[in-house]
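Form predicted alone, single chain, as structure tokens, below.
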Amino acid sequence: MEFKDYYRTLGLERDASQEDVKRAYRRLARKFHPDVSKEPDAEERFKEVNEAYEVLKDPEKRAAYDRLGSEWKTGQEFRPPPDWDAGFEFRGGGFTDAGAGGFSDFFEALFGARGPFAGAHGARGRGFQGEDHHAKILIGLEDAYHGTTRQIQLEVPAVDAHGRLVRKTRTLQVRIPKGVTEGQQIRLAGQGGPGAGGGPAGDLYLEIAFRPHPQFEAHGRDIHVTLPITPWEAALGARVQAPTLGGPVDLQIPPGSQSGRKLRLKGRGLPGRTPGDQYVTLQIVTPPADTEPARRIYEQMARTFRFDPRARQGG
């Protein structure tokens, strides 16, 4: 069988980044998409591009492929080394006939038989699966805490009545589940790029991002907030109300607290199978000495406490 240089297929060097791989694939997939391209060998080239991307997009498959080394040339006779072990085994639902839309014999020799375009039920020869699309969705922390439904608009590629590739605006209603975290992806099956030749559409992956909040900050499922307190609440202890995403709750300030002390409200973070916690950082706020009675109180404190917070610094 012939050796397949997947880097050359995508027009890449072997040290290309994963982002370079993705950009090259998108460019070539648009160029050779059978529903759009006028190239005589568009379908075959489209298969080659998808096969190369299937390997190079996955860091583990790419590392296995790279173990073959760079001594092989495109079209050169190839047999896997006797000790070859890619660490992958694909079973069932795949193509065995590359001409029907599956991967080449070269791919099967390395990774086993598998076809990415078999459709949702593994049918053979049903065309090409559409490209997966990725986008970010910006939500508030309250949306993540309570869950919500959002309407989003996306610009997506489509083929018009004249066979030209155009961009259209799609509107989708997206359910944001309660307890999502930043960076989590929501998969919308079949909402990605259209399939070719009767193949299924790709999926749409929405990555969650949080808008900056005036009070709270999320670290995974944990929520952090700074709570201002008075000097006497810090010194004597007090029961105060602390804000949470679920509403204010009572918080006991231990006597002798200092600025920067963290108190934990268990289970008051983002919900989940194991809910996050909320961490409250105390910040002592000193009242201004802007009246004569206030100045006298501070002067009395200075005489009473004889307290020097810098005593341990030496010098």
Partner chain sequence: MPRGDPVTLPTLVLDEESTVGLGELCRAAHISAERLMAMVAEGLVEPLGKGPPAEWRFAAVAVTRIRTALRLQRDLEVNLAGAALALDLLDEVRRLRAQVRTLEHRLRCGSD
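Note that the rigid core is defined as the largest set of C-alphas that superpose within 1.5 Å between two forms. Every value quoted in this text rests on a predicted model; they were computed, and no experiment measured them. Numbering follows the first chain given and starts at 1.
Although it is not shown, the form predicted together with its partner chain is what the next lines describe.
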| Segment that reaches its partner chain in the model of the complex - one of 245-253, 36-44, 285-293, 58-66, heavy atoms within 4.5 Å | 36-44
| query | Taking its partner chain in the model of the complex as the reference, which of L236, L188, A135, A209 has a non-hydrogen atom within 4.5 Å? | reply | L188
| said: When the contact criterion is heavy atoms within 4.5 Å, does G147 count as touching its partner chain in the model of the complex? | reply: no
| Hey, in the model of the complex, does Q184 get a heavy atom within 4.5 angstroms of its partner chain? | yes
| message | Taking its partner chain as it sits in the model of the complex, is L141 near enough to touch it, meaning that at least one heavy atom pair lies within 4.5 angstroms? | response | no
| According to a 4.5 angstroms non-hydrogen atom cut-off, is T171 in contact with its partner chain in the model of the complex? | yes
| Interface residues of 286-312 toward its partner chain, as seen in the model of the complex [heavy atoms, 4.5 Å] | none
| request: Would you say whether R261 is displaced between the shown form and the other one, judging by a C-alpha shift of 2 Å or more on the superposed rigid core? | output: no
| said: Following rigid core alignment, is the displacement of the R23 C-alpha between the shown form and the other one equal to or greater than 2 angstroms? | reply: yes
| Outcome for the Cα pair F32, T171 in the model of the complex, compared with this form (closer or farther; change of 3 Å or more) | farther
| request: Given a change of 3 Å or more, say if the Cα atoms of D35 and H134 sit closer or farther in the model of the complex than in this form. | output: closer
